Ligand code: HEC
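Before any questions on binding or motion, here is one chain by itself as structure tokens, the form predicted on its own.
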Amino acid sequence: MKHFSILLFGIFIVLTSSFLGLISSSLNQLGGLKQSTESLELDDAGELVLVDGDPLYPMKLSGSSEQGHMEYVKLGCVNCHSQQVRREELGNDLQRGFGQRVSVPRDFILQSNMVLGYSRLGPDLSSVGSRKSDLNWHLMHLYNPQITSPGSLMPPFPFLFETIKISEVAATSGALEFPEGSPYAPENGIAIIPSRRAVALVEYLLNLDINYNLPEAVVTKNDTGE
């Protein structure tokens, strides 16, 4: 046992080098990813380069949508929703209309806080902006999911809204538009106004739409999964 310390040191070196090798290989493969055009072209040297003048993807979020992204994180939406469309051999995400193609690492390079998610108590939101593009629908769903999705497990977020009395001096623009006869509608003379936090969160959701090609991931389905 006189060489036990040397053995431990050797085990430490092997494990450490393996771990660092795993990290460095991942950084080398993924850390250098940048925005790309939807396709690449060959230059005079025979190398693949971006198509000059084409838009770059993924696109950056607006300031309000970025604020909404932070609200998404703070409110814990990532605990029940994912934002990753899996390959067909791993699930039926494409058939269920969760996206028009599978998600790839380049889709997330501009995110400061990754929200891939690990649970699907609710549907995947990778392209929810194309499936549901109605601002009022999303605000209603946020205020009380039972209005738009009866039986939903999602909790309501009424604290993101303000209840005010309608009057000539009270601004009610942007108030929620409840379905006629809804039992959740406020009394006459009352309006439900979304806060800036609610509007920012919904703007972020409306911007979630992976409908673009990347050199490594081409759109193969339409927004209904066909």
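So that there is no doubt, residue numbering starts at 1 and follows the sequence shown. Because the structure is predicted, anything quoted here is derived from the model rather than measured.
What comes next is about the form predicted in complex with ligand HEC, which does not appear here.
Interface membership of Leu205, defined by any non-hydrogen atom within 4.5 Å of ligand HEC in the predicted complex, is confirmed. At a distance threshold of 4.5 angstroms between non-hydrogen atoms, Phe108 is out of contact with ligand HEC in the predicted complex. Although the partner is absent from this view, Met114 stays clear of ligand HEC in the predicted complex, with no non-hydrogen atom inside 4.5 angstroms.
Contact between His141 and ligand HEC in the predicted complex is found at the 4.5 Å heavy atom cutoff. Not one of Tyr57, Val102 and Ala217 comes within 4.5 Å of ligand HEC in the predicted complex, counting any heavy atom. With ligand HEC omitted here, the record of contacts in the predicted complex names 153 to 161 of 34 to 42, 153 to 161, 188 to 196, 58 to 66, defined by a heavy atom within 4.5 Å. In sequence order, Tyr72, Leu75, Gly76, Cys77, Cys80, His81 are the residues of 58 to 93 having a heavy atom within 4.5 Å of ligand HEC in the predicted complex; the partner itself is omitted from this view.
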